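In structure tokens, the next block holds one chain alone, the form predicted on its own.
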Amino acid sequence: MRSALHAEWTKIRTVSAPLRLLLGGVAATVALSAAAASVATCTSPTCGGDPTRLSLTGVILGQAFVAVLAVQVIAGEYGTGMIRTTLLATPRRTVTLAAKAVTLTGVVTAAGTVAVLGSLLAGRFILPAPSPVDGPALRATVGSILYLTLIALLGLGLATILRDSATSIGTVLGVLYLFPVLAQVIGDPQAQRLLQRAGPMSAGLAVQATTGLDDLPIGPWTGLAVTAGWAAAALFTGGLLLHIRDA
């Protein structure tokens, strides 16, 4: 496992694409969060506003960069044929996938922390937002970082299943953004709540809410658990297929 982790860390830090995606994700997250905060017309809880959640709006965009990075971690190797060398060096395929997941978790958690704290700092300059260590705001802060990490693991699992970069990126982005879109176009309120509870993005981002919790379709931590379930299912299926299929 140690040699597999070293190999995966070497791959990520010596190739420029992962760094560009991480920096792009941080910049996009902070920029969109600042833009959303600057155009907000209702920031007080008395009118339904949630300054903390508004300051974290950029996570909706930043997750796309994280998902693309996660896909490239393994699907990129299938595209170049490098996966054969990787599996030759580490014949135990579950160890290979675990090493990729651990390495990806580390870099995304670090970048996600910078992105989330940067977004909250930008929000505090624009809005009267609470400190990120105050009660529900702390849960929103930690939960947003965990959410980005889970999206990375979801992308890794789907890419392991599909083994093609373009198909994997399209699938993971579709899984993320399709549920909220369908919830907006479907007129049935019960169907809307079901989609909001089932989608990995709509459910997981409930962890950012600090006001009006009783009106949420799903609780903050329960919603994040839904996202974790999606990631676990994708990784389990991907690990199983990696074990039984030829490279």
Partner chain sequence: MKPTAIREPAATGIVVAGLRKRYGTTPALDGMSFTVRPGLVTGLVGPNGAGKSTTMRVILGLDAADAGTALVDGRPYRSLRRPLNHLGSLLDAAAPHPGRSGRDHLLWLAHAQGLTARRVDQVIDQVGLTPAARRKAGGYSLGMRQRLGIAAALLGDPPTLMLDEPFNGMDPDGIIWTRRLLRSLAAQGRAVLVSSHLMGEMQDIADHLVVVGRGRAVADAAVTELLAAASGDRVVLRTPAAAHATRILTRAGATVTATGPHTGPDTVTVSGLPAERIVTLLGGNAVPFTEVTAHRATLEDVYLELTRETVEFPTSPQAPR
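Residue numbers count along the first chain shown, from 1. The model shown is predicted, which means the values in this text are computed figures rather than measured ones.
Unshown form predicted in complex with its partner chain; subsequent notes refer to it.
The stretch among 143-151, 119-127, 172-180, 76-84 whose residues place heavy atoms within 4.5 Å of its partner chain in the predicted complex is 76-84. For the candidate set 103, 113, 90, 165, a heavy atom within 4.5 Å of its partner chain in the predicted complex is found for exactly one residue, namely 90. Contact check for 3, 7 and 246: all three have a heavy atom within 4.5 Å of its partner chain in the predicted complex.
The shortest heavy atom separation between residue 15 and its partner chain in the predicted complex is within 4.5 Å.
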